[in-house]
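Presented below, as structure tokens, is a lone chain in the form predicted on its own.
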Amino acid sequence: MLFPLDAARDAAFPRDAVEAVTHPDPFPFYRRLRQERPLFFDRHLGLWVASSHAAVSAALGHPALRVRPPAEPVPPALQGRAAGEVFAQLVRMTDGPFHAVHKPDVERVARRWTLADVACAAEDAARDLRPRLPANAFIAALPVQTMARLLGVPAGEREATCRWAAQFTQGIAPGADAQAVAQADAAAAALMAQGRALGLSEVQAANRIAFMQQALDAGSGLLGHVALQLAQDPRQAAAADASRDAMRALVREVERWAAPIQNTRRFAAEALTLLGQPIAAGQALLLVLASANRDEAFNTQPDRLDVHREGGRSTGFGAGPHACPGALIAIEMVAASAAWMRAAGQFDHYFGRCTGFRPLPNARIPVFEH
């Protein structure tokens, strides 16, 4: 074990920071990491683990830490394939000159949607999906369906488009099997054809896919955790129902407190020193965003969920060169869909008891009983 814990306490802790993502309550484990080993090399995982805000923030902003291993800009399983060609053009998966040139264009696309646009798309998606999907399928579908509407996908093409976005996402994930990768190839080809038909360049068409791909896990996790909080605390739910601003405040605080995206990774392009620790070229780092959000050096009374928190901060949408341009979109999407469902009487009893979390290494997505 990492810590000299007694046997009774050991059983209550996850084995490591990856297992923590699906643990019933990973936050005591994260707290102890911050206190005792805020940046250390985990021999079991074979990578460095950064858990304090100081370590996570330093890593997110360090120019020698990249989003992909320098020797593998495209995962080996995707090289020479249609999915790999798209992967290589995703701004969120690149660094250096390519990222510097194309990130502003992605940010411009994200800024063209107003909060009213996002709310309209999210409410329309909720109105369409709620009557025909159970809760788990609903939270998985709503984020990508919302993005498809924002991107102007015609109604008759949305189901296929969202299915392709999901297949692409599943096929490029680490450990995807041959069938999933083949489906990702077919999905990538179909989605790129859509983009070309709209007159987009290859890079623009690839990053059009990324808007839907990134919405999947992050949006599903945030929507699921907000649903949990609304169901668990009727008084807080009633306060959130009072106005859209109140619902947004709840969503923002749930994102900080529950951290739907628990961690992310970086890779050393060269030898460096981070908070006094020597990191060799090629080594990987796991940045535990969920732990950084609960660091007292970052937020006061961090373990308290407080919708009236002033100056609350979160690393959940990243920071530095790879800060997510869709943070406001994600928050508004969840706030608008939750508010619509509650106002329409479509919320109560829809989300059953939480039975655990989807088996994912980075995203903490609740699984509901029905």
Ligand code: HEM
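Source: prediction; values computed, not measured. Numbers for residues come from their place in the sequence shown, where the first is 1.
Beyond what is shown, the protein has a form predicted in complex with the ligand; the following relates to that form.
Note that among 127 to 135, 103 to 111, 232 to 240, 183 to 191, the stretch whose heavy atoms approach the ligand to within 4.5 Å in the predicted bound form is 103 to 111. Using a 4.5 angstroms threshold between heavy atoms, residue 338 stays clear of the ligand in the predicted bound form. Contact annotation for residue 255: at least one heavy atom lies within 4.5 Å of the ligand in the predicted bound form.
By the criterion of a heavy atom within 4.5 Å, residue 39 is excluded from the residues contacting the ligand in the predicted bound form. The ligand is not shown here, and in the predicted bound form it never comes within 4.5 Å of any heavy atom of residue 86. Listed residues 215, 148, 250, 141 were compared with the ligand in the predicted bound form; 215 is the one with a heavy atom within 4.5 Å. The contact with the ligand in the predicted bound form, taken as any heavy atom within 4.5 Å, belongs to 99 out of 81, 158, 294, 99. Along 246 to 265, residues 255, 260, 261, 264 each place a heavy atom within 4.5 Å of the ligand in the predicted bound form.
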